[in-house]
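Take a look at this one chain, the form predicted alone, written out in structure tokens.
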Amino acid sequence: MNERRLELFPPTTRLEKMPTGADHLSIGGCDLTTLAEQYGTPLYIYDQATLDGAVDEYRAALRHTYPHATGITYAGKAFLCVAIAQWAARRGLWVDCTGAGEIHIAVTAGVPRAQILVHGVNKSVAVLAAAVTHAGTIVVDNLIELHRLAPLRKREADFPDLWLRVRPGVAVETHSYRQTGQDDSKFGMSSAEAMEAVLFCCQQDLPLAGVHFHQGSHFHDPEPIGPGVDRVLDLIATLRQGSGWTPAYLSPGGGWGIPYHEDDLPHPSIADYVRFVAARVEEGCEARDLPLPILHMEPGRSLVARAGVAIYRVGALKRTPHRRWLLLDGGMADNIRPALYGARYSALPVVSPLRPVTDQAWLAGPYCESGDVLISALPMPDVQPGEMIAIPASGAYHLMMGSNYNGALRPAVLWVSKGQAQLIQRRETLEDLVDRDLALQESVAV
């Protein structure tokens, strides 16, 4: 069982024999025990080789299955910091930014304007202004947003390309919180709104270049993508007939899942997903006499989740009538996913990870919430206070949704590659917690 859990970790994961005779987990040639002792816990580690490998897998699949130009967008919402944005830019990826904050991170990282794409369901005037200044592409979510952009077009000579986000009317099978393509979704435009948007862009000379849609996140079967692709291609054919406009770009979003738990293995590959989407787009365009668009994939977790590993230290142990509790020094403040929508994870001890399992354990954090449980009923060996636990597949949608609940300090983040570890985000300090605060003036104090 424990050997199978190793498959969830980055491919560079190894068991290194220490002078004590114990096996230690290492990733990217770096011993996790040494890193945790040096940088403290909770600690997040990102393995460059795993990130590079996922990009290479997407590119190889697109090259072999789609006969026209393609591109890949890195979803900043999965995890974004200056170093990750720099890596994405060096790999030739576009960086998807939602809001002025993520735009600022990408700009600080030096991401070229042409590689910055801006998303968002309710972009303010300030966010749109930042996008017009810094981005190469803006994905327009609604007609109000489009009308806000028109005056900016008249003032800016260098204006980004616009894509329309549409609702295909079908979602993928996933948690309801992660579904985005249904008719009642808050995201995107209806078919009628899309036609109105195209005509408005033609009238206002707005550089409309693409269509984007997204059906949901963390799905494992590409088949439900098919009806969504078909409906969007039907819409494109209608838009072409009604306005003469055809998109140069088509983005079917992302959302391809990964294995988080050993029960998820074996998992369909990235190549399986890309092959299905590429074939559906190619065949659908041929059937509707549409020119092939540039196919832009937008993988989120399937690029970055497996590259990330979270390390926690065990504090207290408890036995209740029906549970063995391993209480960790991190939890819902750095990984809200189990509490938010029941995400299921696995884990291994960092030292002697393959030692025999004794019974099930509940791995919980230190926060004042009964929902602060990272993993439930996981078969685990005997674990003692002070030991460290590694949770794989922790690279996406953890730190970006993190908080300072109970005064938690956001953890340090390391980049590991070829035996070298580099700090790319320092741990928050107690001073950081009050850095924005202002004391109440005595004149207004009660």
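Note that residue numbering begins at 1 and tracks the sequence as displayed. If you're wondering where the values come from, they're calculated on a predicted model, not measured in any experiment.
The form predicted together with a small molecule exists for this protein as well; it is not shown, and the discussion that follows is about that form.
Interface membership of Arg231, defined by any non-hydrogen atom within 4.5 Å of the small molecule in the predicted bound form, is ruled out. Within 4.5 Å of any heavy atom of the small molecule in the predicted bound form lies no heavy atom of Tyr312. Using a 4.5 Å cutoff between non-hydrogen atoms, Gly300 counts as a contact of the small molecule in the predicted bound form. Heavy atoms of Tyr341 reach within 4.5 Å of the small molecule in the predicted bound form, making it an interface residue. Between the options Arg153, Arg148, His261, Arg337, the residue in contact with the small molecule in the predicted bound form by a heavy atom within 4.5 angstroms is Arg337.
Note on the partner interface in the predicted bound form: the residue among Lys123, His296, His212, Arg306 having a heavy atom within 4.5 angstroms of the small molecule is His212. The three marked residues, Pro42, Ala333 and Arg427, fail to reach the small molecule in the predicted bound form, with no heavy atom of any inside 4.5 Å. Only one segment in the set 85-93, 314-322, 251-259, 189-197 has residues whose heavy atoms sit within 4.5 Å of the small molecule in the predicted bound form; it is 251-259.
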